[in-house]
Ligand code: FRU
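Given next, in structure tokens, is a single chain: the form predicted on its own.
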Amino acid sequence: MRSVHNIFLICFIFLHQHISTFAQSTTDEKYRPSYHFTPSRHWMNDPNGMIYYEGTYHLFYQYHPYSSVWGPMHWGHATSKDLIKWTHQPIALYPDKNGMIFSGSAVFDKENTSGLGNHGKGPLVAIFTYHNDSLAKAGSKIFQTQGIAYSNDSGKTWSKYDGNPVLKNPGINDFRDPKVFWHEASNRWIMSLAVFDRIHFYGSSTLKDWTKLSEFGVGYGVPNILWECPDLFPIKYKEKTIWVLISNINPGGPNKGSSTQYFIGDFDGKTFHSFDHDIRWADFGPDEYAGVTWSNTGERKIFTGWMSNWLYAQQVPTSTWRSALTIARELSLKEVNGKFYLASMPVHELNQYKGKQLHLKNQSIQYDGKAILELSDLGIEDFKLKVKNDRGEYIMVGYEKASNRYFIDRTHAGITEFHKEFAQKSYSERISVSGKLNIKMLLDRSSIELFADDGLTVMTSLYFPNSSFNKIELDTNMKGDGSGIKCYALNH
């Protein structure tokens, strides 16, 4: 038995080193984004455990290090100083006897309420879902529980708490994705937990012992749909503090499949009360999911989502890697016709990577697959533009005045046959009272993110042309002298 154990240990050490080496890969592959985060190899889905600490952004994410399709989940890890340029780190959390490591969050336990810190300094604490696949396959309803891990070296290495799980399952199939924050007014930690088609709220003074406080969801949002990756946070609007509750759903999105819905209301330390029953979307496009905010960023609220859709995420035509994350987005609240809406725009850190301005010539702009396109003060009229290649493939973006909707049409964008739902024209309602259209678009080799009307309407879409898009062609009916159209190359 000793010799078998030693062989296993040697193999494990080799595998860990091999993965860490891959994590430093800079291979430039077809479709791999330039300035959006991707794993160096293999499968990624939900971003989780995102936290800012001592000048560094720590991104953790659902990761399968042995395949380019979903499998036993680990927490991958990357770090950044500016949310744009990332350094891959060794895997942070591995499955253990309690199960795979599903989604969750991370906090800075400044006052060491958990008692897991060293030398009087509070630790970083990750809170995650254990998924026990053996129990699930056996028909048990208690296969998902919540565990914690802690780091006393600024997130470099993590130790799992000996008393895991810290929150056992009361007998519910879908019981997962804890998002935790410190609530100053009630002097305790608050956990939002996805429980099938609703959110359960729990409270704790230690991060180890949790008490159920309330539920939210019955009669709200898209009915009878799985809710995942919740997030509850306050956001300032003038002199008010408004609370936002995010719930990612799959399926049921506005353009089929996965999407992020949210609610606006109040939170009293125990219960969330929504101001209305409206369904609001953080992103109307087909390719944003599992979006949540970063922890420990103060009043600044930063949002990042998974740039894919569970309809076809495992079939997209990439090879050694699969999936990217959206650009980090700064959140704010805006009031439109007496109701509050989330607005999101790319974080200002992206501006430092703007290169030379690309000039309009014969109603078209040449570019190298990655660019920022800005259209300002357009009249409220129909418009469209094509992002295209020399083979006649294109993705079309525009606005339809009659229906007051933006759209992204990828039916002619190249490779679409991998899934019947991929070739589609996606729509989003225009949420604005402005008399002008203002649009920013981020183009990055195989994706487009559209931010309209100061971020009130957002759409994210993937595309996979047979050869790279290299031209932006503007509708010749667009009015004006072109001064409201600016396009910048990206240096990354």
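Remember, predicted model here, so these are calculated numbers, not experimental data. Residue numbers run from 1 along the displayed sequence.
Below, we turn to the form predicted in complex with the ligand, even though it does not appear here.
Each of 45, 73 and 177 is positioned with at least one heavy atom within 4.5 Å of the ligand in the model of the complex. Among heavy atoms of residue 220, none comes within 4.5 Å of the ligand in the model of the complex. Using a 4.5 angstroms limit between non-hydrogen atoms, residue 393 is distant from the ligand in the model of the complex. Using a 4.5 Å cutoff between non-hydrogen atoms, residue 228 counts as a contact of the ligand in the model of the complex. With a 4.5 Å cutoff on heavy atoms, residue 260 does not count as touching the ligand in the model of the complex; it lies far away. Per the 4.5 Å heavy atom criterion, the ligand in the model of the complex is contacted by stretch 96 to 104, the sole one of 292 to 300, 238 to 246, 96 to 104, 333 to 341.
Screening 428, 40, 432, 62 for any heavy atom within 4.5 Å of the ligand in the model of the complex leaves a single hit, 62. Taking 161, 143, 310, 353 one by one, only a single residue has any non-hydrogen atom within 4.5 Å of the ligand in the model of the complex, and it is 310.
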